[in-house]
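What follows is a single chain, given as structure tokens, in the form predicted alone.
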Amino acid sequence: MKSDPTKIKEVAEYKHHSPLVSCAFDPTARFVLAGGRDRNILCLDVAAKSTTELSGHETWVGNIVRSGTDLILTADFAGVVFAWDCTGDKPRQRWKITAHASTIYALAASPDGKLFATGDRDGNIHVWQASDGKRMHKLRIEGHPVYGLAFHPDGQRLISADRQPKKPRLKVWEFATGKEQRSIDVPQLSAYRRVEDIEWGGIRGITISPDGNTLVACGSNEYSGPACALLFDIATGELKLKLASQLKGFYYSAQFHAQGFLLTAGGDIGKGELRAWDPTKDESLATTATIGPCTSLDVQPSGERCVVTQMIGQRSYPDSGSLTVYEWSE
């Protein structure tokens, strides 16, 4: 079915007792897992329109991705990764590994589902075998947390985003050899405040176009915003386009739809948006306003629906969350 980005509608919303920051459909789109500032994972059965909770993590769950034909991976702030088998009547734990000694900030699955990568607070990047959680490769960024990871569609390269102050960086790696192909400074997404000596900004999420030519980095356009996404040519490192919202805050997540439009999710305290863009030019196609910042999004493999997580609350420290299902019509 063809999806019209201008005809998006909300079809369901599920409230949660804690803020949510990550979500993903399983490979068959029967389930959606969502996690955040909670040890338990919210599990939505899409067909039954019912939710349960999955236990096992002992701290907050910051990243969730689907992998291969039957897995969803979840990573927590204690450095632990769970693989959930989604072939039964509910997701069940297949394996669990302690992947890092510190907080995992980034998680990505390879296009063929055979590998996944994790990045931590201390600058370590590990590449793992998805079937059993065996470590295959190790990379390192000295001194800076890893805030984003994405596998290139060629299956040979891995892109990382780190939070170097004043100049957040993207790095293109040949992960099997550990060779760094390219480093791209992204000062536009820095929000360094000299008075406080604090970096408020950084790259909050990355994604790659299906053809492998364009790399998207999400964040805030300097300290005062607005939320924005920068599009880079992977081959040259050249900045091609800046997509800027009217909202102050951050874009936390972006994902290409199979039909070519780009979705961004972001916002600030008490307000947020899900937006569709034409990634070939600075043109917004459709915007859906939300009551809290949209912290992550995932598009159903068939492309008919997407899910979005939010952090809800008017204060600087939100006290609840929501998982919202959207659908496009022809």
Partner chain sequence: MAGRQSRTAASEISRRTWLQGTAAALGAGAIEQPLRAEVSTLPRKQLLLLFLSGGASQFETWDPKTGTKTGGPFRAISTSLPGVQIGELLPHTSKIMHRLTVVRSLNSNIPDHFQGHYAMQSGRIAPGYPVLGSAVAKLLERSEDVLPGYVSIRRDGPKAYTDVGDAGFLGAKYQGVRVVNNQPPENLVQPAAVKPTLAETVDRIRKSNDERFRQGRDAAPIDAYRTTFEQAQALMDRREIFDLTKESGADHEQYGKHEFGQNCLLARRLLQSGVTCVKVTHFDWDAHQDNFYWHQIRCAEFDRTLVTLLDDLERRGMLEHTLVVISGEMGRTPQINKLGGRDHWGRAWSVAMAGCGVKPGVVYGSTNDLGTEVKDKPVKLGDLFHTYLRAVGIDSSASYSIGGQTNPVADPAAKPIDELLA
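Just so it is clear, the model here is predicted, and its values are computed rather than measured. Positions refer to the first chain, counted from 1. Each form is matched to the other, and the largest set of C-alpha atoms that superpose within 1.5 Å is called the rigid core.
What follows is about the form predicted together with the partner chain, which we do not show.
Participant: Which of Met136, Leu239, Ala78, Ile97 has a heavy atom within 4.5 Å of the partner chain in the predicted bound form?
Facilitator: Flagged contact: Ala78.
Participant: Report yes if all three of Ile198, Asp268 and Pro318 come within 4.5 Å of the partner chain in the predicted bound form by some heavy atom, otherwise no.
Facilitator: Yes: each residue has a heavy atom within 4.5 Å of the partner.
Participant: Pick from 87-95, 180-188, 151-159, 102-110: which stretch has a heavy atom within 4.5 Å of the partner chain in the predicted bound form?
Facilitator: Heavy atoms within 4.5 Å of the partner chain in the predicted bound form occur in 102-110.
Participant: My question is simply whether Lys114 lines the interface with the partner chain in the predicted bound form - judged by any non-hydrogen atom within 4.5 Å.
Facilitator: Lys114: no contact with the partner chain in the predicted bound form.
Participant: Is it the case that Phe82, even though its partner is missing from this view, gets within 4.5 Å of the partner chain in the predicted bound form, heavy atoms only?
Facilitator: No.
Participant: In the predicted bound form, is there a heavy atom of the partner chain that lies within 4.5 Å of any heavy atom of Thr59, even though the partner is absent here?
Facilitator: Output for Thr59 is yes: heavy atoms within 4.5 Å of the partner chain.
Participant: Can you work out whether Phe256 and the partner chain are in contact in the predicted bound form, taking contact to mean some heavy atom pair no more than 4.5 Å apart?
Facilitator: Because no heavy atom of Phe256 falls inside 4.5 Å of the partner chain in the predicted bound form, the answer is no.
Participant: Using a 4.5 Å cut-off on heavy atoms, which residues of 8-37 contact the partner chain in the predicted bound form?
Facilitator: Read in sequence order, the residues that approach the partner chain (within 4.5 Å, in the predicted bound form) are His17, Arg37.
Participant: Answer yes if the Cα of Lys9 shifts by 2 angstroms or more between this form and the one not shown on a rigid-core superposition, and no otherwise.
Facilitator: No, its C-alpha moves less than 2 Å.
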